[in-house]
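We begin with a single chain expressed as structure tokens, specifically the form predicted alone.
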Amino acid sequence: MSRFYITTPIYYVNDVPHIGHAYTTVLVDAFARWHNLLGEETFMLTGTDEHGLKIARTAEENGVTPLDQADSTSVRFRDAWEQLGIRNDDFIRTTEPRHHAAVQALMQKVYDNGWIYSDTYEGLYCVSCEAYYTEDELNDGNCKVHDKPAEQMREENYFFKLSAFADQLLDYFENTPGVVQPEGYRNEVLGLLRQELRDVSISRSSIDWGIPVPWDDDHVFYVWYDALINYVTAVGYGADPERFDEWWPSVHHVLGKDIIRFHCVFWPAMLLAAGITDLPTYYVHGWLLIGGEKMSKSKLNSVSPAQLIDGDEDQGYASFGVDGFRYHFLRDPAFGPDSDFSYESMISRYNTDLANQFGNLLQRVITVTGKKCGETSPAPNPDASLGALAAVAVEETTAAWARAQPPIALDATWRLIRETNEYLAANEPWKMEPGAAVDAVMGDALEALRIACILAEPAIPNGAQTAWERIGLPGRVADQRIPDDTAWGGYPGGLTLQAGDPLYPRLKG
């Protein structure tokens, strides 16, 4: 069985979960669910990043220890992902002993291989990014990501010989199509690698909130290097070599465009320096904006997932539920470029696609079948016209997920749902007399709905399972497999349908 290992970035515990964090996490969960449907053994990782100057300062501002700050915020991320139906296989915290051991093991390997040396560093540092910048990388002295002044810092550090890996990385990214998707971001990585790569600082001696450098107790590792190593910690690096060898070659990182340099330049160089030659695949998305600006606590423009899932009367937000939240963020933001969050668009998408199309199709099929086809459901026709449309939907949905394009995949899936509604509208089975003709129409509609449930499961797991059960099917829709279980003719007929309340009640804008 092939494997698929996929990760979110780990989230800083100086902030609480907002819809930008949720967007990335829902994407990763949906990719994992899709690959599970393909029959692959999947492993999904998320977690929290808990070291560094930013966390230490936030804890000091809040009057708590850094670990207290990490403990209280980390659980909020766990709770948010549970509320969203995220099926992560592991949740890693960088303060865990297993992670400390993996960081020290990997960096000791890099040190022993001769890729680390000691020197003094002086430069401009953005605490929010936990990153050094040159003057030309700033905007009038301010970080371009956080719009905050960079601080001048000088300290004795250990450095990683990043410059030594420039040619090897350039060759890899130039000659490995699809390693970064969308393709435009691969060009961005190549642009970074064609610049002169400078060696980078990997330790700090001015703070102690971090993982100690094993060969020098006066230093802790710079938080970004500690954080990146979480991806190997979770699959057994340094502790379970067999497990690491099984999972690491299938790793896929999902990340925002602002952390490309760390993930696509620094991280693969570190891996090569440690003797790890299997390098990650990357899915890169743009920022989720509000009013044209990136969400942040400092700008007071962040929205929590719970406000949209459960509703927020004070803010005028309706309750979209888990499926409504997931579907919007997988369907509407184009994967790659920046996208502005629009509450009005979220309402429109929910009412159009979930209430009027998927939910209405389910309600119509169950109601008409119950009235016209007796106590049990009919089976589909082997050569039905909907069968060809379903085959196209499966093919196009599969191709779009393979290109890391959830919005295009869901458009293909929902085209089948629209076509099935149109098929019913054209045949008007509610006007037919009971008999073979109406059985043929409703059997085909039930089969199209069955296939749509499977294709839609990564986006709307709750609704897909409910619809699956209401049309009489046993087991879990998540246990179906593509392409075998999406072949036309799988609905057996002879099942008892279950009526129920509307799956997705319309929302008021």
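Residue positions are given as counts along the sequence shown, with the first one as 1. Since we're looking at a predicted model, the values are computed, not measured.
There is another form of the same protein, the form predicted together with a small molecule; it is not shown, and what comes next is about it.
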Could you tell me if all three of Leu228, Tyr231 and Trp287 have a heavy atom no more than 4.5 Å from the small molecule in the predicted complex?
yes
Closest heavy atom of Tyr11 to the small molecule in the predicted complex, within 4.5 Å or not?
yes
At 4.5 Å between heavy atoms, is Pro17 in contact with the small molecule in the predicted complex?
no
Spell out, yes or no, whether the shortest heavy atom distance between Lys294 and the small molecule in the predicted complex is within 4.5 Å.
yes
Can you check whether Phe320 is within 4.5 Å of the small molecule in the predicted complex, heavy atom basis?
no
Stretch from 371 to 379, 209 to 217, 251 to 259, 400 to 408 whose residues place a heavy atom within 4.5 Å of the small molecule in the predicted complex
251 to 259
Which pick from Glu457, Asp29, Asp444, Asp49 sits with a heavy atom within 4.5 Å of the small molecule in the predicted complex?
Asp49
Answer option from Arg204, His99, His328, His263, heavy atom within 4.5 Å of the small molecule in the predicted complex
His263
